[in-house]
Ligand SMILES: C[S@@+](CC[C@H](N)C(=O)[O-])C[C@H]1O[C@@H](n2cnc3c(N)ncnc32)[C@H](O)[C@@H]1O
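Only one chain is included here, represented as C-alpha cells and corresponding to the form predicted on its own.
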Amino acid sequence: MPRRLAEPPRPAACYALTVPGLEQIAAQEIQESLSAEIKRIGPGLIVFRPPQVSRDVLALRTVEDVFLLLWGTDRLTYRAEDLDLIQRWTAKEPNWPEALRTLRQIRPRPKGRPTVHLVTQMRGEHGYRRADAAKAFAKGLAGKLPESWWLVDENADYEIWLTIAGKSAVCGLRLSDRTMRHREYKQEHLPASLRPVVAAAMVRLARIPYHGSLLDPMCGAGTILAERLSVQRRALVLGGDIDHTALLAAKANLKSVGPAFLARWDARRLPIRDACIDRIACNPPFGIQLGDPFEIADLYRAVVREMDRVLVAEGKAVLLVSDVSALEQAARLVHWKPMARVRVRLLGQPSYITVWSKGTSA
C-alpha cells in the first residue's frame, strides 16, 4: 500500500477587536488584505484564518487589536465550573511552542528580560468574579511561558488576553501593540476626537477612486485625512475647520503621513469651486457638542447644501452623526440618495455612519 502523505499543518487562526458596529467592514478588509477565511463574527470581534500569520496583520486599519487565537468557546455555563474549564483549556488547548514562535516573527524581541501581562475582561452576569477568572487563567498558564519572562501588571512587552462575554470566551496572544489602536501619527488630541478605527472605516466606505479627491470640511484633528493618507500617501486630500486650534492639531498629525491642503474656513461657505470634489468624509458636531440640540438641524442643512455644491455628479459623502433624522432632512433637500447606514456607539450614545450619493446633473 502506498504511504499516505502527511497533511500540511493548518494555518493558525487569529482574531481582531474593533468598535462594535464595524465588524462587517473589518471582516471585508481582512478578507481583501490578507486573503483570510472569516470563521466567526461577534460583537466587536472577528475570528479569521489567514494563509499565514505575518506582520501584514498589523497593517489592518479598521481593527484596534489583533491576537493569535489560543482557544475559544461558546460553551460557558455562567457557573463556577467555568473556572475549571478556563484553566484546563488554557493549559491544554494551545500549541504554546508554535504560538511563541509566531509571536517572535511578528513582534521584535525586547531588549533585556521580556515582560508579560495577563489581561482578563468579563462582560455579563456570571456566578464568579473577574478576579476568579483571572486566577484560573493564571493557573492554566503555569509552566507554559519561558522562565525568563517576567510577569508584570502594566507596560509589558507581551500580553495574553482572556475575554469573556456571556457564554463566549476567547483567549489570545496579542500580536499588535498600542500603536495599532492609537496610531503613531496621532500626536495632538482634541476633546471628542474621532477614533482612528472609525475614521478608517469611513474612508473605506467612501470607496475613493485612486486619483480621486477627499474633502473633510470640518476636519478637527485631521484623523479622517490621516487615515486616507496612511493607505495612499500621495492622495489628494483637503481639510479645514473654523477652529484655529483644531487646524494646528491637524497640521501636526498629518505631518508624518503625507501632504494635505488645510485651510481655516466655515464649512457653510467653502472657498472651493463647484463640482470638483469626488468624495467627502466628515464628522460634523453632535448636538451635545453644540450645547443646543435645536441648532443641529440648521447646521446640517447649511453644511449639506455646501457639500452638495462642491461634490461632482454621483460623488459620495460619508457622514458620522448622532441625530440621523436631522441629517436625513438635510439630505432630502438636495436629493441625495442613501446608500448605507452603520450603527456604532460613540461618546456614550448611538451614532451612525451614513453613506450618501449625489444625483447626476440635470
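For every residue, the number given is its place in the sequence shown, counted from 1. Because the structure is a prediction, the values reported are computed rather than measured.
The same protein also has a form predicted in complex with the ligand, omitted here; what follows describes it.
- Across the options 76 to 84, 272 to 280, 219 to 227, 171 to 179, residues that bring heavy atoms within 4.5 Å of the ligand in the predicted complex belong to 219 to 227.
- Contact between Glu93 and the ligand in the predicted complex is not found at the 4.5 Å heavy atom cutoff.
- When contacts are judged by a 4.5 Å heavy atom cut-off, Glu184 does not count as touching the ligand in the predicted complex.
- The ligand is not shown here, and in the predicted complex it never comes within 4.5 Å of any heavy atom of Val312.
- Contact check for Ile242: a non-hydrogen atom falls within 4.5 Å of the ligand in the predicted complex.
- For the candidate set Ala246, Val116, Ala235, Leu205, a heavy atom within 4.5 Å of the ligand in the predicted complex is found for exactly one residue, namely Ala246.
- This chain appears without its partner; in the predicted complex, the one residue of Ala267, Leu100, Ala156, Ala133 with a heavy atom within 4.5 Å of the ligand is Ala267.
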